[in-house]
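Two forms of the same protein chain are encoded below as structure tokens; each is given separately, as structure 1 and structure 2.
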Structure 1
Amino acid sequence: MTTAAEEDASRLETDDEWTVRLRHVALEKLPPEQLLPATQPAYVASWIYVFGVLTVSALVVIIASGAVLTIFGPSWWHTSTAGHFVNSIHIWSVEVFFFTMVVHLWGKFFMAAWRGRRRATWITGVVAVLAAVGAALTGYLSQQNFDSQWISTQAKDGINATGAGAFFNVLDFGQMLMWHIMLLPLIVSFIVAIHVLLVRIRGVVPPFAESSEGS
């Protein structure tokens, strides 16, 4: 017959439990005050630091509008007024996404954003750009209009020349649609999430220190 005190003691956490060890590692590597900081360095007020947030914001709109288009299908976005509107939001959020992402990429390139043990942050950002290009291509191929037909026939020979056409058939609407609405969004979202997490861990890259030469 065990007492209440003995039952409470049996419930005490020990470092032998993998969940406890995992939580300790997570809190050590990702402290809450670092993941969700209340303040930022003064240099973050510069306009160049805004484009990363704008890119993520545009991605959220892309995913939300794309989910609506996925639910109702091609006939809806081609024939319905509401479908035209949501489709326009989707395409323009893609335009904003790529514009802000490219500005963010080049801005960080000229700032040497891999400084201070931030190589992984830089690499995930570049990989996210490449994955987003694939998502955009399959998106154009999924439009079910003359543009998508033209793009697919023009891309076919080039992709077949690389050998990728054996499993990536740009003329197959069903395959391209599945790549666009399922696989590539998951890949882009995962890489962007890792990228943002690394930014939180390593911090945003500071501007170059002013040189004292010639002063």
Structure 2
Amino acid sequence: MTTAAEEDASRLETDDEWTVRLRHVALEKLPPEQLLPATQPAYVASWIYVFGVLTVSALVVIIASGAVLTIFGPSWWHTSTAGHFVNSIHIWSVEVFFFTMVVHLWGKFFMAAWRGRRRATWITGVVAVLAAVGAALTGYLSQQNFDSQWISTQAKDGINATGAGAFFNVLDFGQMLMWHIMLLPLIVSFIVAIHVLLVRIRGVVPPFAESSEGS
């Protein structure tokens, strides 16, 4: 049932509105049934398929525990047992994140998951790995302990050699902390979101056809 007001709104709508155009493109590329489907192709039947969602879950735990560490500040975990426990959650979720991400990458490689116009999905996945490595490095540099002192004095040489060290100073705790808690979480989350949307737009890659096997 549509109300008179709704009919009014649809009559006023024109196709040269940016907002309307965006909605049309979004609905065409990714209708709701495709964004949140109730079914998957019958070939989606292996434990290897769960490592993508496990990686996203680990990212959620990383961000949640990182948010708690942010609330209480960078010194909290050195002086409070509760803080130290949250730090333990944070670092172990990072280990789990990389663990599941690597297994996910291996699985997708052996499925040749870039086939059928899915190359952008593969590339965004690789970019996500790179951004995650940067996020992890700045996290290690934000620890304010021997480990962060050591890693910063070691990492400076490589980054200086690329010329980036002049602007991205790994010895500057303040700069590294801000990259770690602001820029890199945004970048990682954004790329992962694009990556997941691409999977929904293109669907899960079908198996190699029998006829093309070994040819």
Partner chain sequence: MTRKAFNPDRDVAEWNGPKVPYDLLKEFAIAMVVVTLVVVGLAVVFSSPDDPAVTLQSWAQNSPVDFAQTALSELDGSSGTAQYGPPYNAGGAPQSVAGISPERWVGVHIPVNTAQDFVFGPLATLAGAPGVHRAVAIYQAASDSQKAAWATAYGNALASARTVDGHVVVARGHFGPVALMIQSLTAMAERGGLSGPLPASSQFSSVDQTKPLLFLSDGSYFAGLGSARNLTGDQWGMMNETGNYPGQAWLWLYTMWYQVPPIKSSSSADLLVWMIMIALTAVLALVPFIPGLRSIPRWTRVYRLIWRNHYRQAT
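Residues are numbered by position in structure 1's sequence, first residue being 1. Not measured: the values here are computed from a predicted model. Whichever C-alpha set is largest while still superposing within 1.5 Å between the two forms counts as the rigid core.
Q: Just one of these is the form predicted together with the partner chain; is it 1 or 2?
A: The form predicted together with the partner chain is shown as structure 2.
Q: Would you say residue 197 moves its Cα by 2 Å or more between structure 1 and structure 2, aligning on the core?
A: After core superposition, the displacement of the residue 197 C-alpha between structure 1 and structure 2 stays below 2 Å, so no.
Q: Once the two forms are fitted on their rigid core, how many angstrom does the CA of residue 21 move between structure 1 and structure 2?
A: For residue 21, the C-alpha ends up 2.9 Å from its position in the other form.
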